[in-house]
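In the block that follows, a single chain appears as structure tokens, in the form predicted on its own.
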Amino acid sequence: MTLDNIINYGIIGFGRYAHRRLQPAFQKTKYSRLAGLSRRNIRSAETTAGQYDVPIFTDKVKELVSHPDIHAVIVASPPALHREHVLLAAKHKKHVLVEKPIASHAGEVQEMIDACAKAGVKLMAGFVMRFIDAIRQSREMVQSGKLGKIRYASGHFGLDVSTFPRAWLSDPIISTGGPVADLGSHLLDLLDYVLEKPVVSIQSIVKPPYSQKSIERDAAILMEWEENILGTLHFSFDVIRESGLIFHGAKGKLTLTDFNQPETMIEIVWLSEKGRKTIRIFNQNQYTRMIDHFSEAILFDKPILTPGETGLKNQMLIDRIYGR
């Protein structure tokens, strides 16, 4: 436990995601402070640090993770670098919050879990959507039986990457996958979180097939969970930006659309025998919640909602979809 109950974080790979999501989230945290960052270019690192009043900056990851004033790191580098950066952080006894997709394949995730366990540090997979208010409300309704026995679940998540600034998303070596890895990892995790049922079978159509030369652009997934729950998922890098989830039970149906934006009003449409009801929920900043959740786990030895094992389960599904 730190003297002032604050965890000092360093962000590895301070790119667009850190600018848009992580740095604003730190402005509202209770137990967390952004104290350091690394970027590939030292001038960029210095400029960013000055912009956000961050005292520690470097172009060398090892310098960041070995700094005595850094207690934990957020690995926000491209997925192909996650294993290297997590293992380096663990070597220097830093707790690690790693963004999804957590690795290139399940074997790497197991290495991360083992390394952090050996070092005595905590490892959290960054499935931030579990901290969305509308998701938690939906999970409560599903688990409480308000929808009756769940028969079907579906989800879609797409965007047009041709207008997206992260060019490495289309590089199969750096990204380790297309929309299945980048977008699908979120929805696969949310269905696991809401349904709380093991996957029985999974089949996929991935177009074009992911390879070391090119990523897939679209994927359609057919799934079955225990208790005969069926589901379908669609992920794409070539459609208008949209996200959605449906949970269909014997007594009702929940529909969520564009539910993943922080600090916005989100609507859950609940269809039941009594008619159609719209539940409006203001979504607090899920990134703030995720970071402080990890800090509380470190400070007070609380359970982590998405430990490394959650990332391993997720990566194993991704590997099955890609046929690895």
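Since we're looking at a predicted model, the values are computed, not measured. All residue numbers refer to positions in the sequence shown, first residue = 1.
Separately, the form predicted in complex with a small molecule exists; it is not shown, and the next lines address it.
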Which of 196-204, 179-187, 223-231, 107-115 has heavy atoms within 4.5 Å of the small molecule in the predicted complex? 179-187
Give me the residue from 130, 100, 83, 95 that has a heavy atom within 4.5 Å of the small molecule in the predicted complex. 100
Taking 4.5 Å between heavy atoms as the contact cutoff, choose which of 72, 191, 215, 76 touches the small molecule in the predicted complex. 76
Residue 289, heavy atom within 4.5 angstroms of the small molecule in the predicted complex: no
Report whether the minimum heavy atom distance between residue 280 and the small molecule in the predicted complex is within 4.5 Å. no
Indicate whether the small molecule has at least one heavy atom within 4.5 Å of a heavy atom of residue 166 in the predicted complex. yes
At 4.5 Å between heavy atoms, is residue 51 in contact with the small molecule in the predicted complex? no
